[in-house]
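For reference, the chain that follows is the form predicted on its own, supplied as structure tokens.
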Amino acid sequence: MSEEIRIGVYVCHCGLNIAGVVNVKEVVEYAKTLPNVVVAKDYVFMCSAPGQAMIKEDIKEHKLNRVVVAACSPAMHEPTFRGVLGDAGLNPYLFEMANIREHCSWVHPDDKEAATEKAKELVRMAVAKARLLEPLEKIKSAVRPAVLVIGGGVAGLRATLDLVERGFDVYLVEKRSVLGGNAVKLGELAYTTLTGKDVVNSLVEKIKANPKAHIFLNSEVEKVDGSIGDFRVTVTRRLGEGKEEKIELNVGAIIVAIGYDPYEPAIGEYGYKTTDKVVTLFQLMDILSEEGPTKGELLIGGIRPKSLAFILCVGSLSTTPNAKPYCSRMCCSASLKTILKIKEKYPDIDVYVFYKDMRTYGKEEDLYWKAIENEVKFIRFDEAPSVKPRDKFVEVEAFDTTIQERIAIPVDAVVLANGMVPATDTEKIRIMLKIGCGADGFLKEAHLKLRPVEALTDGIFLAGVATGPKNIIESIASGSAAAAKAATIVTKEEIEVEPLIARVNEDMCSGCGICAALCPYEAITIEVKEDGKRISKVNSMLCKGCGTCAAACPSGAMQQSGFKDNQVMAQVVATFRGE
């Protein structure tokens, strides 16, 4: 004999967010008339402790086996109310939520009567689905207590150091022959005498001293299988003389810290590569380095320039046809820090800065004012300056928006402050790990505020400039953040994932393979049984419950737990029949 369905409906006022528009009492009285509803109540804040206690008490007193809450977005409080059911001894997935705030009161503030009627319909739909809900159990899997870090820049190094100091094995894979990425090319950092190389060396020294760190240089990740808690990774290491070796790793989490590539100006862009008097900011930093080709002496084009022009936003803010639309964040500050270093050593040098937007954010604005105190001249442009190499000098011409005049300044050399673009491996890594990316080409976090440094694929985290331009401090901080997130996985013996995934009715499945071909997470494979029958198999740890397979299945064999065909159809019928 099937269990009697006993539903409790709870309508939230959300202060005045809902009650200021929707007649909550009227919705409650309507809910009492719906089939299988044995109790219906309202409260000012259902998510509050008293509101949660009300639901727990009613579950026991009225022997409820289904609960519907009409309140805000499920994205905000669905986990809260599922926890309430669990605390009361009821399966957490026997819960349905109706969004009568974002879907009702907030979008119909000027028509309270219509908003109230819509709230009733949303509750009616939720109750119809709740009748058909089934208990589900979270899926568990063992966790490998190790982490893979892809990329040996400052973000990857910081993440590695944090994790090995917590006692976890970390496999650091770097495609270059040295660690440090682009940070080693940076000169002195703002507000410190340390260079980027100093920061890198400090991190590398500590990492190499820890036996939990396993470093693979000249190596690349070729393949990743498995899922959160148990990723199976194939790494190819180049040994030289055309020889390679394959290394198989098992890890519980992956951190992607692949960094960026400096924007490479096209030949002729601002005179680049048409004269040795035009260099990039990174090239200038190398020149000023004591280990550089000129042993720290400022020599460009074979001479010590008496005048320099810096052009900012090269490759950024759509200044030229090839430039990206975004700001690269660190170029202004890095340029000003370099200029101040030059002025300190060569106080007689004339420096001109051509800029579109000066973005020395935070305390780094001090660099701008110090540059002005050192008689650095700033020229703002809207349209990119032109650079014309002459016999003994370079002429930089631009329309100065401040004085509203076109000016031409002859200088001995030009420095291009080039921005950041996604690393060349970004697309390969994105496809391999099934990570999203934004319109700018950088990897995309699951949610900038709610799930920073997390990828959409569980168990994979993003650090540093892999997700967009950052300065060295921000990159280090995001490396630590990614390590902290990864540690929440590898500290556990087993991982739990939501059971709202696709499931196959093998008796109905014809093995057509449509679901496997469409699955964006490669969670479905086709298995051939001993009798030759083909059936679909879902990897429960890879499935993200997107519903693509269930929607495409021609036989109805593939069903989405929590959103089965009969459950969704019950909502549709309730919408149009009003019952």
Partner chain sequence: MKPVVVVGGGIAGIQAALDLADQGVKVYLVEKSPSIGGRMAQLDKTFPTLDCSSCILTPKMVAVDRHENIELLTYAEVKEVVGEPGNFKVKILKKPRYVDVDKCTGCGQCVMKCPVKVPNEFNLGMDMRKAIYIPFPQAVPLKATIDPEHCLYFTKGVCRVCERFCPPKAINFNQKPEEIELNVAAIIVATGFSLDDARKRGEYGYGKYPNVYTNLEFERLLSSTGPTKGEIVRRSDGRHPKKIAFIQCVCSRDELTNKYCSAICCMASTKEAILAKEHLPDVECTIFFMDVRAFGKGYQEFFERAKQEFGVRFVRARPAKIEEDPKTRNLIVYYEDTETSRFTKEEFDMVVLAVALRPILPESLVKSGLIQPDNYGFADVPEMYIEPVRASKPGIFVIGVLQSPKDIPDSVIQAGAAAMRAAIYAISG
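Positions refer to the first chain, counted from 1. Take the two forms, find the largest set of C-alpha atoms that superpose within 1.5 Å, and that set is the rigid core. Computed from a predicted model, the values in this text were never measured in an experiment.
The protein also exists as the form predicted in complex with the partner chain; that form is not presented, and the subsequent description refers to it.
A single residue from the set E165, D286, D276, D350 has any heavy atom within 4.5 angstroms of the partner chain in the model of the complex; that residue is E165.
Among L281, I495, I472, I254, the residue placing a heavy atom within 4.5 Å of the partner chain in the model of the complex is I472. Under a 4.5 angstroms non-hydrogen atom cutoff, the partner chain in the model of the complex lacks K223 among its neighbouring residues. The partner chain is not drawn, but in the model of the complex it has a heavy atom within 4.5 Å of H447. The partner chain is not shown here, and in the model of the complex it never comes within 4.5 Å of any heavy atom of E205. Put simply, D366 is close to the partner chain in the model of the complex: some heavy atom of it is within 4.5 Å. With respect to the partner chain in the model of the complex, the three residues V199, R329 and E373 uniformly fall within 4.5 angstroms at the level of their nearest heavy atom. Heavy atoms within 4.5 Å of the partner chain in the model of the complex are found in exactly one of 288 to 296, 302 to 310, 464 to 472, 415 to 423, that being 464 to 472. Shown here without the partner chain, the chain has F45, S48 in 43 to 65 lying with a heavy atom within 4.5 Å of that partner in the model of the complex. With the core held fixed, P145 shows a CA shift below 2 Å between this form and the one not shown. The Cα shift for I303 between this form and the one not shown, taken after rigid core superposition, is smaller than 2 angstroms.
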